[in-house]
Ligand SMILES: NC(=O)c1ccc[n+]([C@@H]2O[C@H](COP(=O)([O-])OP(=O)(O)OC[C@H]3O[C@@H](n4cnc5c(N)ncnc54)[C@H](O)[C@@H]3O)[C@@H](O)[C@H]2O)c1
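Presented as structure tokens, the chain that follows is alone, the form predicted alone.
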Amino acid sequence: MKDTIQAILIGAGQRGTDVYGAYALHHPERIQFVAVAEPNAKRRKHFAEEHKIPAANQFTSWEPLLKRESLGQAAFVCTQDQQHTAPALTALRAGYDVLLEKPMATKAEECRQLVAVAEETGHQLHISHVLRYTKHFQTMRDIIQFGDLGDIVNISHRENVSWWHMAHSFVRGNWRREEESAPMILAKCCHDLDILVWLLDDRCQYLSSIGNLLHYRPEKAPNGAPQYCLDGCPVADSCPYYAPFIYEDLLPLWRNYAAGAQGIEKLLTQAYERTPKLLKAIGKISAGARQISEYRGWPISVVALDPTPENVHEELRKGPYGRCVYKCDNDVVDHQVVAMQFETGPSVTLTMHGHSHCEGRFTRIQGTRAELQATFGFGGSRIEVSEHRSGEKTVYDTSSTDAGHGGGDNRFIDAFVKSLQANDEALALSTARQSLESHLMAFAAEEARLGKKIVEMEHFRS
């Protein structure tokens, strides 16, 4: 095996800094970032300081970085969705193996081009389909592939985006407008479509889709609501989308976490809602309490680079995350359903929506021998299998102590690093060509939704 992987980062946003950058800081023997390209001066400086990157290897854009002689083996492309294709293609042609954030691109032809160039150059291209790497979905796949459920007849899978996450990412945030990011079914659910293909080890034959933007619209705004929540909103005490309630109180986040947590973690998150001052006092002697009372992670790490209470409050005054959700420029759907027929016969539905009380993915699978019900949530995950003949139930605790998509983030990076060290793409759970399938399904679903029709998947593969 090769030594420590030397890597460059293109895009030092939340994923680039808080996921991939954090992994490198915790595992410097596996991977080290030696250069960064980021247009935001504060984020660029912050990342460079954390990783001790010299000024000569700090760039405001990716073009001059990739014109340089190769600085390492790996390129992490973590720009905004619409900016993925050009730097990823250039990096592949410059000799880098590439880790590319999902979605791989926002146009079907660009997705195909990325796969083609990776195969032509012989360099690895890994798309961050991190759910494949979770204990939860790996257990579910084993149950299906081992035949415990018999033949699969139907799958109902739900991507329940919580109301506050929807407001954060798809109304106020970077994924609110299709022309600036991607259709929500692609941006959010290329994960889910990939998982469905992987679980069944099958391909979709044809699909249809319905959905629209129902709630986050100007005509839904309360009377007298200002452009920004802190400009004197008349319903500040009752509106669930009131920005300080979401980003300063953080109650929606911890309620969501408590819904699936167990043991002491559940008690601590519940205590935060009842007596936040007491929990902060306990935090002086309890690391668990301190992680909650002094929390600085997502989503507030997106609102402010240094998310102190003072900085977050200041950003909410006139920043994008302080806007009234009914007075943003969003246009992506807030609910969508995709109905699919797979080649070996199962019927599958995917429901995505942004109005769930608790964040999580719910899966229900009907087989000829047993039924599976599963929950993949913030605070914990589980799978329950009910056998038809005996009536026996088997419960699998698939929770993970690792943060980041149920532990999938770190395991994905582990696999990426190992595949580069061994020069063996088979050490990863997915190739770029396999990742392409879920993206084409998302594009087909959007065409079906807009055209009110059934789409044959072969049309998108050819």
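Not measured: the values here are computed from a predicted model. Position 1 is the first residue in the sequence shown; the rest follow in order.
This next part talks about the form predicted in complex with the named molecule, which is not shown.
With the named molecule left out of view, the stretch that reaches within 4.5 Å of it through heavy atoms in the model of the complex is, among 217-225, 174-182, 243-251, 310-318, 174-182.
With a 4.5 Å cutoff on heavy atoms, residue 61 counts as touching the named molecule in the model of the complex.
Mapping the unseen interface onto this chain, residue 81 counts among the residues with a heavy atom inside 4.5 Å of the named molecule in the model of the complex. Shown alone here, residue 437 lies farther than 4.5 Å from the named molecule in the model of the complex, counting heavy atoms only.
In the model of the complex, the named molecule lies within 4.5 Å of some heavy atom of residue 37.
For the candidate set 101, 359, 97, 194, a heavy atom within 4.5 Å of the named molecule in the model of the complex is found for exactly one residue, namely 101.
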